[in-house]
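Let's start with one chain on its own, the form predicted on its own, as structure tokens.
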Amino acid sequence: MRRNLAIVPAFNEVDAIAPTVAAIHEAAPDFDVLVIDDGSVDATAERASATGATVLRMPFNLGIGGAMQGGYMYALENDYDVAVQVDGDGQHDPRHIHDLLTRLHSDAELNMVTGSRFLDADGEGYRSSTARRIGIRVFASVVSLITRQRVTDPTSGFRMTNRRGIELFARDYPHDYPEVEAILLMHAYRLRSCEIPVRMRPRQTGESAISSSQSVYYMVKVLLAVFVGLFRRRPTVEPPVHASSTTEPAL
């Protein structure tokens, strides 16, 4: 029987975390829920635990990359076959979890599936501000060029990986701008990824760490990180016994 895990990074999400965990339990009861309390100073951890999630508490705020790597390490150590990221702010709709799972299992060569808000046929659903959408289009163009495949939503954190992806991300995961860089990391190790359409919602509570006025600055920093990351040396990640493809990074 396959073991599935939903990793929920959360920082001061006391109002949103309980509904998020409850929604995952309802929509995907075959997924265990792990909340990564990323140094919250409110009752996020207590609310998550009371709703039935396992809680991994970080000693201080590591940021989304550090929190997610902690989740992947937990998934690896506890022998999970599939891991999906569901943000603790309520933006990701857990009803799409099984859409991601179906697509992941439809192709044995596929290692990661990302939910894209820009593939929705009717164009509905939350898509962020105009400034951010421009930035996303720039990132999408750059990532598509590097990976030689169409990428429409490189900043989406709503993504699911199989065991091979878990093994990779547990050992090597970008900490600064993980959403964009993780796609390039998959490409560097010659692992396959794709997107499917999903609908996302506005944050249920709180505010994003990146305001509209910071979008240009953020875009420049991400692009710089992407190009620096293309040339950095990466650790060797041992493939599973049955794998036949090489894991040397493709620069």
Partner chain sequence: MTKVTLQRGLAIAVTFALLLLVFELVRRKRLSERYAILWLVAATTLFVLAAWKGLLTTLSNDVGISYPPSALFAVAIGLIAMILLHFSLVVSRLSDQNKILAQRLALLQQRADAGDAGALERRSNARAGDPGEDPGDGRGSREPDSKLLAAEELSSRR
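These figures come from a predicted structure and were not determined experimentally. Residue numbers count along the first chain shown, from 1.
Not on display, but discussed next: the form predicted together with the partner chain.
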Open item on the list: Please pick out the stretch from 146 to 154, 76 to 84, 91 to 99, 177 to 185 that is in contact with the partner chain in the predicted complex, where contact means heavy atoms within 4.5 Å.
Closed with: 76 to 84
Task: Exercise: Met58 in contact with the partner chain in the predicted complex, heavy atom 4.5 Å - done: yes
Task: Touches the partner chain in the predicted complex: Leu62 (any heavy atom, 4.5 Å) - done: yes
Task: is_contact(Val142, the partner chain) in the predicted complex, heavy atom dist at most 4.5 Å - done: no
Task: Interface membership of Tyr173, the partner chain in the predicted complex, 4.5 Å heavy atom rule - done: yes
Task: Option touching the partner chain, based on a heavy atom within 4.5 Å in the predicted complex, out of Ser193, Thr51, Ser40, Gln69 - done: Gln69
